[in-house]
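Next up: a single chain in structure tokens, the form predicted alone.
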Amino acid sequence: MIQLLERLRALVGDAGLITEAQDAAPYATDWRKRYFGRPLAVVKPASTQEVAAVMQLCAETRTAVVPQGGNTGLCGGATPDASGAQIVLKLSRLNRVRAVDTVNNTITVEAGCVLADLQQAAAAAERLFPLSLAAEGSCEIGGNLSTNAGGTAVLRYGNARDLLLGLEVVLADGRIWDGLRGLRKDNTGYDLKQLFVGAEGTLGVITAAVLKLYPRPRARATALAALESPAKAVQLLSHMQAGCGDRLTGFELMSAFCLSLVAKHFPATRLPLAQAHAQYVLLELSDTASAESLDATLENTLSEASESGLVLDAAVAASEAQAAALWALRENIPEAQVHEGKQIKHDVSVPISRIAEYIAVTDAELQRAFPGVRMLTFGHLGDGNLHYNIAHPEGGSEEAFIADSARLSRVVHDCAARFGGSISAEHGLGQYKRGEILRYKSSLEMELMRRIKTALDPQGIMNPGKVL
């Protein structure tokens, strides 16, 4: 091991190698503090060539590698095991914006580029990079691609997978595949880049990417609408799409319980509606047209929805500050959950047409099996992604509740499968769901995934124990 560490040091220098346990600790646990590991070392290469040299050495010595970006994942996908034999390959030093092409509307960035910095680089060029999520101030684009991140703008722009045109990847044996092509049409065989999106570092190490840019919106219109049920929210989505077209960028569902926790744990929060309602939708339009035109479209479409009984009440932001306050209601839900105590979190997707039925059936089944549990349902209704989280019964034992996580999750996941859904919409599998997925994917699907894994990582050194 000492010889391996010295060879790693020779490749990345003193600044690129962490070996002391106390210094490596921040890289050895996940964001939720659910998984803890003990790496042999944290290796921080500063270039693609250094990544390649490290991978060649690890292939030679059969050393397992755990790629890590901003370490904001929620399923333990970037956490090493406790063997003390794996290295964490930290990509944060690969953080350059290599090129911006405003004619081709593309940006080429390295894997360690923080998402917010990427957004700012696009904005400086009068362009939009639309991937947006709560962790954008610390998550990195390599991790976003490796987990096929979603976020709040999927309704209009798609997941990370949809924003990708080209990749640079270091393979398990250290070879560099240069697929950094900014082409929207390339029909020359298998689309290799898509193998590495959502693979969570189990097939190779993403080191750079060519990503799509869009015209920068000049106007946004934001509103909070109150509704009586998720079924009404689904109807409102169809109504808004018909009236606003692809200007509808965000459509976020939040239950009354979710917003009550935000109000409880963020005392400065002010709900803009006088009366409480069962469900809320935060919706946003964006366009290159004038703000007046966009505001009129939003207000007219919401007015029609109100007249037809879909919307019970609504508040339209009259300024950027008010829009930010409305978005804070949604963005503070996860933090409010942390303050409220431990919950059992789920990230499921269901066909939009079946979301209301899914929520009703799953709520009922959970209450029958676990009386008094409290559901915190929120998420990206526009693309069918729900964060269906469960809190312990008020006054009940949190420890006993958490100990029953497997049974509770089984109800949520079985219902998702029953309605044609998935048990992971945007968080990935990591180590959290790698066993659970066996219940829902066919044996043929699992066989094909294992064949791909064996073909690209025959020694099994790429992020072992994750996904498969």
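These figures come from a predicted structure and were not determined experimentally. A residue's number is simply how far along the shown sequence it sits, counting from 1.
The protein also exists as the form predicted in complex with a small molecule; that form is not presented, and the subsequent description refers to it.
Though only this chain appears here, would residue 427 touch the small molecule in the model of the complex if you measure heavy atom gaps against 4.5 Å? Contact with the small molecule, yes.
Interface membership of residue 396, the small molecule in the model of the complex, 4.5 Å heavy atom rule: Taking the distances in the model of the complex, the answer for residue 396 is no, it never comes within 4.5 Å of the small molecule.
Applying a 4.5 Å heavy atom distance criterion, does residue 255 contact the small molecule in the model of the complex? Residue 255: no contact with the small molecule in the model of the complex.
4.5 Å heavy atom contact, residue 212 to the small molecule in the model of the complex: Although the small molecule is absent here, residue 212 would stay clear of it in the model of the complex, with no heavy atoms inside 4.5 Å.
Considering non-hydrogen atoms and a 4.5 Å limit, which listed residue (167, 149, 285, 107) is close to the small molecule in the model of the complex? The option sitting close enough to the partner is 149.
Just to confirm, with a 4.5 Å cut-off on non-hydrogen atoms, which of 225, 240, 91, 381 contacts the small molecule in the model of the complex? Only one option qualifies, and that one is 91.
Residue stretch of 227-235, 302-310, 70-78, 175-183 approaching the small molecule in the model of the complex, non-hydrogen atom distance within 4.5 Å: Looking at the other structure, the answer is 70-78.
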